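Form predicted on its own, single chain, as structure tokens, below.
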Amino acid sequence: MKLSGRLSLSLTAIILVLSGCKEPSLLKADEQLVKIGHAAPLTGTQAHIGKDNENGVRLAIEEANSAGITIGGKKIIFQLLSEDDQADPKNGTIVAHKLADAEINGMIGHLNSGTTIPASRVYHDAGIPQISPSATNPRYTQQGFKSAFRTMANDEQQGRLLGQFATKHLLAKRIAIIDDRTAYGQGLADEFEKSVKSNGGIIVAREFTTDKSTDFRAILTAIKGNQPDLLFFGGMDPQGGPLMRQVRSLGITAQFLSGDGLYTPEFIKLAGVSSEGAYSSLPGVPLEKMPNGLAFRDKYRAKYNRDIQLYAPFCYDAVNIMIEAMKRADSVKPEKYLPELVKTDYSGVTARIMFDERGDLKAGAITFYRVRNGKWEVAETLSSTPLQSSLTETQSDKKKPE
């Protein structure tokens, strides 16, 4: 059914009102519309994480609109344009072109490294600043695009500390690795492997699966014969949960370690009692120790009536960093405020955020969590600069390999 022009315009106005934004033709002379793009998997097995990202972005935008920000002599009305990239690299590029054609003023996302990397060229070519709150593959900022930034430690930083944690703190010697062959999962596993070897560990098996698989028995049976004392998984929770169940059902008693893709309530739900004792890393300090972490948690709960899944605080910071750059430049034009993004020194929810010459987060920390009694609890925080730690785990909690 084809909508008439008048009906189509009316529906557009309704959508904009529902999103807390005015339809462009209704803006006053002293108001300016600023479009903030966002992309993540909003459907499919990773939708719970994608919607969490979107919620973090939306919360920051709504607060900015409530604050009545003036830039370049005009009151700014921020509008969220959010797209579903389905965690698919090809669709991520399609979405990027769609947002660029919509003339967004800035981009928050994508969630996955596999979508962020190809999409970043589109934003770069269009001159649109991009801040990813969750893409950790180093290649994202190694392409030489001056428009690319991230608010989370990359895989080089995280993988190095994961390897140190496995060998120096969990005292693992024989280590098996599984990754999902995505830019995120394989990239993190590669960095982990390098770190394990440099710290004296032995890789007894390296297997791979996909980000769509749910049956891992064949590769786990092969791994079991190598008698690892630690199993590392590079991937996200839709695979990590079933994998953890099958690890224990096959009688594999090795310690289990993963990156930030498994640090979610959903992983515990999917893995059930088998999740007990599993370890995961997450860039940054624990939420309760973030500068404004508890306040953000309470605002998020009040707004969405649910707990944070994973990256929402990093998304919230990314939006505010972009807005602060616009304010310092006194312009919402990408070419005007982009130089100010480089100079960022922002005390956000997650950390004091500064970018290096590539757009990566300077220094920072990585926190390790362990599932205890069905909940993620802090095990240890390590600096992503030379190895330092703030131990919250007693020596008796550490399991030595037999």
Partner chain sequence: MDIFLQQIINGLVLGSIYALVALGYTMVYGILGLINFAHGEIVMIGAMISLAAIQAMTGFALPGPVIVLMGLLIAIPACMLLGYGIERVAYRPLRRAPRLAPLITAIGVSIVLQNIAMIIWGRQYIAFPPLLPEDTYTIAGASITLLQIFIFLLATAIMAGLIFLVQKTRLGRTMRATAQNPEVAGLMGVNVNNVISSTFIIGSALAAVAGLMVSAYYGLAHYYMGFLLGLKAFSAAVLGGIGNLGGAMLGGLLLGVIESLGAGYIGPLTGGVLGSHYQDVFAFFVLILVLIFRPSGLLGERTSERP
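Numbering follows the first chain given and starts at 1. These numbers were taken from a predicted model, which means no experiment stands behind them.
Not pictured, yet referred to below: the form predicted together with the partner chain.
In the model of the complex, residue 212 approaches the partner chain with a heavy atom inside 4.5 Å. In the model of the complex, residue 44 approaches the partner chain with a heavy atom inside 4.5 Å. At a distance threshold of 4.5 angstroms between non-hydrogen atoms, residue 193 is out of contact with the partner chain in the model of the complex.
By the criterion of a heavy atom within 4.5 Å, residue 221 is counted among the residues contacting the partner chain in the model of the complex. The partner is not drawn, yet in the model of the complex one stretch among 245-253, 279-287, 147-155, 115-123 has residues with heavy atoms inside 4.5 Å of the partner chain: 245-253. Using a 4.5 Å heavy atom cutoff, none of 296, 360 and 362 lies near the partner chain in the model of the complex. Just one of 329, 270, 76, 170 comes within 4.5 Å of the partner chain in the model of the complex, counting any heavy atom, and that one is 270. Site annotation in the model of the complex: the residue of 35, 370, 58, 51 reaching within 4.5 Å of the partner chain with a heavy atom is 51.
Shown without its partner, the chain has 306, 309 in segment 288-315 as residues with a non-hydrogen atom within 4.5 angstroms of the partner chain in the model of the complex.
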